[in-house]
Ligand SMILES: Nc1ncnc2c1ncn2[C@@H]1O[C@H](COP(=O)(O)OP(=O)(O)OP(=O)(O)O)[C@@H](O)[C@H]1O
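The chain below stands alone, shown as structure tokens; this is the form predicted alone.
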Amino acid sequence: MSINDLSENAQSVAPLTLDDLHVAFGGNRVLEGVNIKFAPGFNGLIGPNGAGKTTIFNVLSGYVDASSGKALLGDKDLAKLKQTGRVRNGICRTFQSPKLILDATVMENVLLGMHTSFKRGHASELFRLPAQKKEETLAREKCMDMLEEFGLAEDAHKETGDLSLGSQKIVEVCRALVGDPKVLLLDEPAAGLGADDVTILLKGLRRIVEDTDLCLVIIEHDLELVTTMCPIIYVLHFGRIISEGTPEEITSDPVVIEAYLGSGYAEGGSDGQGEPDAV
């Protein structure tokens, strides 16, 4: 095999792949034969409540084991990696309800996202050796830059619990991003955010995706947000992918309209007045 062939093969490997993924809890089949190749950039994952969307994220981040099939980060089988190993290899996530230390500062919470990047051990930290102090200074600068990107620099030294739920969700996004992930899983990032916070969040995410090869997967019930941000969307229903394609293809697919969007969406047409029944 030539070097060119190797290069082409490397480029053809998707950042994140689900290969015939099945998950069952006892007799309850939550995912059945899910096949997805997520691309670099924005990927949307939508579907009714209980469709299995968060279960996919839980498999990818190591909270749930697949019953069969594979989840691949590049060409690495995630089943062979523990949760920390997945983070070290470049997969991070946020949650529907932020998982933050509320009595710690915003900066301290964001710094936790860089824990896999620190090379100095506890002894260096204890004795405040020059190399450790430099490493921490650079980490704080990087975290402050990220907070600045998302409009939270002024809140860096506030207790996280003093922030609104919307701001806490953005803090969690910042914490995930400072570790320079290859794949970022966002579970309903816009839920609880006001219009201004949504604008700040999306502007920051767009800039990062434009500047990197980040593969970003969004679960979101805000259909307008998903169709605006994501060039490709996957629709999950009862644990199966029932449709995939561009926003135009998804929102005009009769199967998706019947299973998820509802007749109200179809009747609303393209004027944006129809509201999905399930959203």
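Quantities reported herein were computed from a predicted structural model and do not represent experimental measurements. Position 1 is the first residue in the sequence shown; the rest follow in order.
Same protein, other form: the form predicted together with this ligand, not shown, and the subject of what follows.
Interface segment, criterion being heavy atoms within 4.5 Å of this ligand in the predicted complex, picked from 241-249, 32-40, 45-53, 225-233: Selected stretch: 45-53.
Non-hydrogen atom contact Asp155 with this ligand in the predicted complex at 4.5 angstroms: Heavy-atom contact with this ligand at 4.5 Å: absent for Asp155.
Glu188: touches this ligand in the predicted complex, heavy atom cutoff 4.5 angstroms: Glu188: contacts this ligand in the predicted complex.
Contact of Gln96 with this ligand in the predicted complex (heavy atom, 4.5 Å): Taking the distances in the predicted complex, the answer for Gln96 is yes, it comes within 4.5 Å of this ligand.
Joint contact, Phe25, Asn28 and His221 to this ligand in the predicted complex, by non-hydrogen atom at 4.5 Å: Each of the three qualifies.
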